[in-house]
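The form predicted on its own is given below as one chain in structure tokens.
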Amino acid sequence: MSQIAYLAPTSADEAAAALIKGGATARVLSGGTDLLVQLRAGRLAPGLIVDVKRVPGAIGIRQEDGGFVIGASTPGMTIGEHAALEKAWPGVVEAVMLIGSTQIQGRASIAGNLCNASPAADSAPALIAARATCVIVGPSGRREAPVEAIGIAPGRTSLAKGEFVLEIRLPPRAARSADAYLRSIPRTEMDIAVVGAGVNLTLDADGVIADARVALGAVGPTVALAPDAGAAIIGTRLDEAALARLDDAARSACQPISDKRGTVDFRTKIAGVLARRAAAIAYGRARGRA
């Protein structure tokens, strides 16, 4: 392995400048659980690693304007132990806590999971369903983008040169609303999702679904919102007919590949099953908050 330069800037401007100077081979170190594996496997040969954990705002969780702000380098274990966040957004926390083993969760970051841009990233479907946004910093200052705009292809993001994700923002939790995340894996734990499904629901005072978002992972080149799946259950109390429409819409949103982890047919079928199950969990949680 060739020698790699390392910087740990203490400001967003310094980090952005370092990434620009480092050029195309510069890489951001957030948690490092993906980056270090790729380095050791010889899949990456960066000339510079920019460790952003010392940038103000990169680590920590705070409540702001009724919602939550999660520092992009905050370890998964810290997210899982935050009681208020788990109460408001259990599906998001469920998704984060499925990223690797206990040891991995002590280092793995939510931004690293997103910016690795894997179609099977566990955090992404839950965050997209939740309408989460990313605060991105770079040479031109700060901008905000929805989570679904980050991954544009396997291993590729929409981030421009010098940009990195500093924070993840979750909106205020509406009354009578809740979320859930489920995935299918070959083993009982510590595996990569064959399919993932995040669902976020809001009910009216009568228990009718007034708003719904469904996002699917590992069934296309990117984790993506499935708007027809959400629309299929709006205006219902999630009866069997609504669940059947949700199942069909989730399957129709799939564009998977066949590989050693699952065939096109298997992934498509499981997407419908998981969407149904996650919706039922979210609906039950939302009714409990009425």
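For clarity, every value in this text was computed on a predicted model and none was experimentally measured. From 1 onward, residues are counted along the sequence shown.
Below, we refer to the form predicted together with a small molecule, which is not included among the displayed structures.
- The candidate stretches are 34-42, 258-266, 61-69, 228-236, and the one lying within 4.5 Å of the small molecule in the predicted complex by heavy atoms is 34-42.
- Only one of Leu159, Ala88, Leu170, Val194 comes within 4.5 Å of the small molecule in the predicted complex through a heavy atom, and that residue is Leu159.
- The partner is absent here; in the predicted complex, the one residue of Val55, Ala253, Val28, Leu243 having a heavy atom within 4.5 Å of the small molecule is Val28.
- In the predicted complex, Arg183 approaches the small molecule with a heavy atom inside 4.5 Å.
- Taking the partner from the other structure, the small molecule in the predicted complex has a heavy atom within 4.5 Å of a heavy atom of Ile104.
- A residue is said to contact a partner when one of its heavy atoms sits within 4.5 Å of a partner heavy atom; Ile209 fails this definition for the small molecule in the predicted complex, lying far away.
- Ser109 belongs to the set of residues with a heavy atom inside 4.5 Å of the small molecule in the predicted complex.
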